Structure formats: structure tokens, C-alpha cells
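Next up is one chain by itself, shown in C-alpha cells, the form predicted alone.
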Amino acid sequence: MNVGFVGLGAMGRGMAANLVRAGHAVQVWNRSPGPVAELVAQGASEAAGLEAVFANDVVISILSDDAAFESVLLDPRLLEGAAATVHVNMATISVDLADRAAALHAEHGLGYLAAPVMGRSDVAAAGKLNIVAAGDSGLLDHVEPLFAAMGQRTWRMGDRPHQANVVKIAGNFLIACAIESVAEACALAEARGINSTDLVDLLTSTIFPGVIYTGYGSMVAERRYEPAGFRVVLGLKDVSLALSAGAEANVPLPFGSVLRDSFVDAIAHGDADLDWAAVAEVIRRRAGLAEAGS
């Protein structure tokens, strides 16, 4: 399949590389040239511009946030001249923007699917992502071979693209809740002289098994926040998306306000580019516990 791929960040690089390895003709575009050269060395081709990207049968994009997606790809002139059958947006964006994107694509006769992913960059590189997809079922069938190259399973969540975004936002909200709760439990243990690594080992071996509590629990206990798999600033973005989605549907998310304040606090203390597990240091500061490394 001829694929135009936009966005070669930590996630996109591995995803595009897996499409190349699966035998698809992948044309890549990125705002910075370094990742493009990396993918070209692996067998992709460089797009001369976004117009060239949208001349492919399928366009896949994964950009960092609403602002990036809207500024780069929601240009009516770009969509008007597109020859592509469908644009698959694999980024986590707001429900409102997902609706506007779907409407604008439809206006120009271009299919639009939402397919945000679950998994960090190492999972993307291994082709083991879980892909949350929504939109026209025929278009989903058309791009399923691409999903199969990038992920281990595709979860179809409805025929309206924004439904996939709601599911992804809800999932990230739950992860943020888990990180906050582990951080609070570890702070409580540390304040009473208990080794938080021992606490996490006990909890994840008994009542809270699974990759989220095990992975993030060990990061919190060990105060290990680099390299960042998902940065604090992106955590704030996704918590804010959850709060906005809740407000639009009159669904209160009271714990969301707690999470938002924790992420803002972390950013204010210079931790924006650490892994989002670093919100644990906010809890430790509030509890008067020692700073990491002190």
C-alpha cells in the first residue's frame, strides 16, 4: 500500500519503520529533517512536501497535540487537493478537534479515521501497540493491514472518529490516576520509614498486578524518570483533554482537578520533560520528604 506518514517523533519513527518492514511504500514528512533521514535509510522515501504526502492512497499522522495537528494538517487547501482515500489520525487529540477534522475532511471528499494508540515508544518500535480505532467500517477494513503492521490488536470503538479519542483520553486519565495513587502511597510509606520499593513489590505481586502499577510503581519508588517515555507536559495535556471532554458532556471528573494541579506543580518545578511518573515528586514535596538525590 502507498502510505504518506506525517510525524516522526518517538512514537512515529517506530510505527513508520514497521510499515516499511511490512513491505509498504512509505513516504515520510517531518518538521525536523533528522528523523526523515533515519527512515529513508531504512527504506522509506522523503516527501517533497505535504502535498506529496496527500497524493498517497493512505495518509497516517501522529503529531503531539491539537495545536500541531491543526496547524500542520487542517489546511483546507491541502485537503482540497488531496488524492488520498483516507487520512488516519493516530494522535491523541480533543473530542472537539476530532469532530472538526472529520467534518473538514468530509467537506473535501476525503475519508477520516481516528486511531490513537496505547503503548510507549519501545512498544511502537516492536510493533506491539494496541490501536483504538473509530470511523467508517469500510475505511477501517481498508487500512487494517497497516494497523496489523504497527500493532498487535485493533480495537474498533464506533463509527464516529471522536469515539476512539474518547477511549484513549479515558485510558490515559486512568493511568494518570494510577500514578498519582502510587505516588501518594509511596509518600505515606516513606514518611513512616518504610522502603517504597518494598511496598511496590508487595502491592504489584498481590493486589495490584499488571504493567501500569508494576512499571510506574517501580519508577516512582526508585525516583527514576529518565529517559522519559511520556513527558509530564504531555500528561498535563491529556488530563486537560479528559477534563474538557467531561465538561462538554456534563460528566464531573473531580480527581481530574487533583491530577491537573499535580502536573502543573511538576512543570513549575522544572520537570516538564521528565517522565510523567515524576509527578510523584510533587507529592513528596508536599509531604516534606527529601528531594531526589539529596
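We call the rigid core the largest set of C-alpha positions that still match within 1.5 Å between the two forms. None of these values were measured; they are calculated from a predicted model. Numbering starts at 1 and runs along the sequence shown.
Below, we turn to the form predicted in complex with another copy of the chain, even though it does not appear here.
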Taking heavy atoms and a 4.5 Å cut-off, does residue 32 contact another copy of the chain in the predicted bound form?
no
So, in the predicted bound form, is residue 64 in contact with another copy of the chain at a 4.5 angstroms heavy atom limit?
no
In the predicted bound form, does residue 121 have a heavy atom within 4.5 Å of another copy of the chain?
no
Residue-level question: is residue 108 within 4.5 Å of another copy of the chain in the predicted bound form, judged on heavy atoms?
no
As a check of understanding, the residue in 211, 103, 74, 83 with any heavy atom within 4.5 Å of another copy of the chain in the predicted bound form should be identified as 211
Interface residue in the predicted bound form among 175, 139, 79, 125, criterion: non-hydrogen atom within 4.5 angstroms of another copy of the chain
175
Counting heavy atoms only and using a 4.5 Å cut-off, do 21, 40 and 97 all touch another copy of the chain in the predicted bound form?
no
Would you point out which of 217-225, 83-91, 199-207, 143-151 contains residues with a non-hydrogen atom within 4.5 Å of another copy of the chain in the predicted bound form?
199-207
May I ask you to list the residues of 75-90 that have any heavy atom within 4.5 angstroms of another copy of the chain in the predicted bound form, in sequence order?
none
Shift of residue 239 between the shown form and the other one at or above 2 Å (CA, core fit):
yes
Using a superposition on the rigid core, decide whether the Cα position of residue 94 changes by 2 angstroms or more between the shown form and the other one.
no
